[in-house]
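Presented below, as structure tokens, is a lone chain in the form predicted alone.
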Amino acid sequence: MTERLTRAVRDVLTRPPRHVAGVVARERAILALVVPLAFLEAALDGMLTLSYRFLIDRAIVPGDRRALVAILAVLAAAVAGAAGLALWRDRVYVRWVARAVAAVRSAIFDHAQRLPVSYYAAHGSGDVRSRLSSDVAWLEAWLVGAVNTLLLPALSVLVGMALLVYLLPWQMAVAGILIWPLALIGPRIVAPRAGAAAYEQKAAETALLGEADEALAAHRVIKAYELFDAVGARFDAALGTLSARLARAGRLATLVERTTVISIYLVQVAAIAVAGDLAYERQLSLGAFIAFITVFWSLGWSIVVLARSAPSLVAAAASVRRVDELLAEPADSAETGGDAAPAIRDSLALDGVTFGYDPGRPVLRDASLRIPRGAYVAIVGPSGSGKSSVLNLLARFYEPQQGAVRLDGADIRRYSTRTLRARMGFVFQDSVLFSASVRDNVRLGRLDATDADVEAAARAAEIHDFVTSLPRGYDTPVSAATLSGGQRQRLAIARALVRDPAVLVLDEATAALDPVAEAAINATLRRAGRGRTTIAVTHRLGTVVDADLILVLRDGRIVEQGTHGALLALDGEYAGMWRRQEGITVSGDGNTAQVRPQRLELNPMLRPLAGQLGTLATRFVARRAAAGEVVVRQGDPGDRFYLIVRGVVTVTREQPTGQPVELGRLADGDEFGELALLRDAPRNATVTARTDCLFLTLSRADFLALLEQAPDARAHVEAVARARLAGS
């Protein structure tokens, strides 16, 4: 077991989880009853043990029946009373545990809502979910058993030591008390290793659940590509790791208990030998001898129970530490304080903003832009250029490292986020629906909206007729599975419009829709945006040709701005992006596409085949990829060229250390894999679909067959390929 894990176990046992303790302490009043009642039960157990001395020495040996009856009557009354109090204590304690655990879960949930967006970007929502469920479950299970496995045995040890002092001469009593630490030598050696093994077991359980979650979320991809065996192999590998760690943790946990029991047996044999000799020499009465042996046995058993609780204590302590770490995370400072944000009179603007999710790697660099009040402004650019970051800053999901975001010239950090966002309506690419009715899903945009407000927003989103056709109209329960992508997005638009926002924020709002639904939604958004400031981030240029202002980002800077016509006339960044996208047409259902010969001329490797580009265009084959699917894998044979029709992909390359490094992202109109058309070489990077994607692909066989018909062009193509290889 590594020293790092051993230190981690010691850390969770020695550093108090003050945030969790603070939450649990709100329900601490009941402990004022539980602890005394537990002590009463431990004292009763000690009294029963001590009764052996009085029964033997004062009733049985002298033959005094009256004393026998009196002692037994006192014991019976004490047992009945203590049992009743114990039952009542357990009932009260379990209720306390339920309230305390509920308070912890509530604290986690409430705090999670106030964490900054950056926390979820770094950890994911699954991190919070695991702490809210499995970690709190460990705490709950340990608390439920804490009285019987920790509190009562500990109190019994104290009572037993007090009885030793009573039964023996003080010198022998002290010796008897001091000998017990010898029984803990074995567990002291093994316990850190057992705790560390439990820590690793928990990590393996998390990894196994991660594999299961990933497979369940991607069940459509698994079915579509018959990946049952491959996914099963990954799950079995994780399961094998967990089984091995579970076996090791179980073996060490058992060893902790076994070493404790063996040590206790040795101590007890020594104690019996000493006490037996004293009784033989008549220095100890028979009753005192029996009581002493019973006390020693009770002490040993209490220590065994404590030893058995150690592994569960370590696991629970690790879970509590994870919960405490979450509660210790600072809440989003932007969520509290500030003046009320005024209505926009002039503009929203970025003023010399530098920003990065990792401060050492800026996404925006000294970016300045102005969004006039009432204008329809589109922000475009390659993937990773900083488009969505602009929206994150305008909504104060993040703060800039340098510069300022300004509302009518004032830094928006002076305003409360609640009032700032109340003036904005958001439509994201992923239209989240809650398990609720249509009415309640729309009303989430403004909780005090009336039924008339909800209906008006639905009409503006042009989904009212569909809603009224549902079995229960606006009261019909809906979910992501019961509605089409276009219907879900229209509900998201209605949710944004119900708050009558001055600013409508659209973050790739139609990227996941087929062309027909996309065109319809865009028309709705244009109508809904009249009289409002509309800010649309997109990588699909055909949706923003009528924007009042188009801002073009590259590498975190505004490189061009103007209307669609003006930017085409510049023949710069925007014009190049337009030509790459405009030469591709997509079918209405979004499943197939065609590329024009003029579009193929933009690729230097294909340009020499000018006379054959019409034929070449017919050789492209459509291929779809679901979000998360690996399109090409580094090291696999390359035999195909890809043209991205719709969607976003991530390009990564594995380093010698085995860790992948993201090289960039590609989107509509971008290409990859040209060299595979000429050479049978392995892929030098992995390309993964970030969203649902549609590609047009050209095989090497089709390309070479056409190249054979144009021998003069081959030399030019080879020259371009050599130049590409030299520059890569």
Ligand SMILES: Nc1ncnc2c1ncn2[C@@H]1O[C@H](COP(=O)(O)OP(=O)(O)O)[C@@H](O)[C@H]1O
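All residue numbers refer to positions in the sequence shown, first residue = 1. The structure presented is a predicted model; accordingly, all values stated were derived computationally and were not measured.
Omitted here: the form predicted in complex with the named molecule. The next part is about that form.
Looking at Ser388, Asn603, Ser309, Thr241, which is the one with a non-hydrogen atom within 4.5 Å of the named molecule in the model of the complex?
-> It is Ser388.
Which of Gln561, Ser383, Ser416, Thr354 has a heavy atom within 4.5 Å of the named molecule in the model of the complex?
-> So the residue touching the named molecule in the model of the complex, by this definition, is Ser383.
Verify the contact flag for Ala528: yes if a non-hydrogen atom of it lies within 4.5 Å of a non-hydrogen atom of the named molecule in the model of the complex, no if not.
-> Because no heavy atom of Ala528 falls inside 4.5 Å of the named molecule in the model of the complex, the answer is no.
Heavy atoms within 4.5 Å of the named molecule in the model of the complex: does Leu643 have any?
-> No, Leu643 is distant from the partner.
Any non-hydrogen atom of Tyr398 within 4.5 angstroms of the named molecule in the model of the complex = Within the cut-off, so yes.
Are any of the heavy atoms in Val363 no more than 4.5 Å from a heavy atom of the named molecule in the model of the complex?
-> Yes - in the model of the complex, heavy atoms of Val363 and the named molecule come within 4.5 Å of each other.
Option from 85-93, 139-147, 375-383, 565-573 whose residues, in the model of the complex, bring a heavy atom within 4.5 Å of the named molecule | So the stretch in question is 375-383.
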